[in-house]
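There is one chain below, alone, in structure tokens, taken in the form predicted alone.
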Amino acid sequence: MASETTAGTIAPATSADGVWGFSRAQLAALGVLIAFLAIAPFFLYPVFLMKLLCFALFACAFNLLIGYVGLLSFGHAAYFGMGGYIAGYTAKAYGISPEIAVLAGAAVAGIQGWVFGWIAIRRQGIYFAMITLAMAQMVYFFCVQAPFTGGEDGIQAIPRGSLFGSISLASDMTMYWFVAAVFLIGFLLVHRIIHSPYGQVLKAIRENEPRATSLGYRTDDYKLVAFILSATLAGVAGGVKSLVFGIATLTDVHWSMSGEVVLMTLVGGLGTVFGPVVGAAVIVTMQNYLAEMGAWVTVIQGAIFVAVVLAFRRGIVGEIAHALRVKL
């Protein structure tokens, strides 16, 4: 394993990297997270928890790109929404098992990420962001017109099916354990990526791309692979969400969804492992419990976003980690 120096070079890892790349603080936080996943469905509504976990995985996928490569994508809803459409359509039209449906959605999202990333990474900064937004809007209008998406009605009555052809997911509690397992696998995969030698190169590119290039790294190739991985995980999150709620609609592929995942990541803590999970929990909880306030939910979200930017520049988890002088 390797670690990054402030100059953007790659240096050998030290014992501070902890166990499997987890620091002691991160291991403690992981223990709390697993304990929460284990006991939460007995005290909270499972469907609410499943929505939270889907968006948490979505935010983790987005954070892999912006937090560790420094690429701000305004089009991640394209992969999240298309993953939902493909998973929902294949499950309903062909009756395939849920795990295959989710993998199909992830595969299509990954291909999208490869094509869109190949175009977008040729630019940087605001130009990169605008290109990703433009291509995501193309996907949105495609979904409006494509026959298999159902247009404005979406794909409804998507069956949850049976996991591996034998475990029925009709029960909310059974479905929850499936979603929790997918989230945990995705979360650990993201952690492994960012703490691998490949992940250290990504951080070096984020800190000083010309320096990484001068060291012989083909930075565009590294960024493209990160884009594909991020898009694929976003597709997994979208696919699982469509199975949970039995519907895939234009809402998930709309540009506002891209803004929502940006908000989740910034509120939780950009470039932190657990930040996107906390940010997703805050935003989804607000949407759920303040739903009766109607349009005021958006106003409250905006106020919280402004407060976080002004008072918590590192996000919730980032500020906690800074105060405790630990790595989260």
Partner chain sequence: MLEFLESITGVPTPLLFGQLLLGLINGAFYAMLSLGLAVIFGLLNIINFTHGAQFMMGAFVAWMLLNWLGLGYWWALLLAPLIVGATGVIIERTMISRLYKLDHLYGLLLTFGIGLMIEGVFRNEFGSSGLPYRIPAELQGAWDLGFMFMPIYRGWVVLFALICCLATWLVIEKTRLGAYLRAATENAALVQAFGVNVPRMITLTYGAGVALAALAGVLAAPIYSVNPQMGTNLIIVVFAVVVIGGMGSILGSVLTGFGLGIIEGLTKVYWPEASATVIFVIMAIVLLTRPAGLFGRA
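No experiment lies behind these values; they were computed from the predicted model shown. Numbering follows the first chain given and starts at 1.
This protein has a second form, the form predicted in complex with the partner chain, left out of what is shown; the following refers to that one.
Considering the partner chain in the model of the complex, the lone stretch of 135 to 143, 180 to 188, 196 to 204, 98 to 106 in range is 135 to 143 [heavy atom distance within 4.5 Å]. Highlighted residues 123, 255 and 259: every one comes within 4.5 Å of the partner chain in the model of the complex, counting any heavy atom.
The partner is absent here, but in the model of the complex a heavy atom of 270, alone among 284, 270, 278, 64, sits within 4.5 Å of the partner chain.
Proximity to the partner chain in the model of the complex, defined as a heavy atom within 4.5 Å, singles out one entry of 163, 111, 224, 72, which is 72. Proximity of residue 27 to the partner chain in the model of the complex falls outside the 4.5 Å heavy atom cutoff.
Taking non-hydrogen atoms only, residue 39 never approaches the partner chain to within 4.5 angstroms in the model of the complex. With a 4.5 Å cutoff on heavy atoms, residue 35 does not count as touching the partner chain in the model of the complex; it lies far away. By the criterion of a heavy atom within 4.5 Å, residue 148 is excluded from the residues contacting the partner chain in the model of the complex. Residues of 116 to 130 placing a heavy atom within 4.5 Å of the partner chain in the model of the complex, in sequence order: 118, 119, 122, 123, 125, 126, 127, 129, 130.
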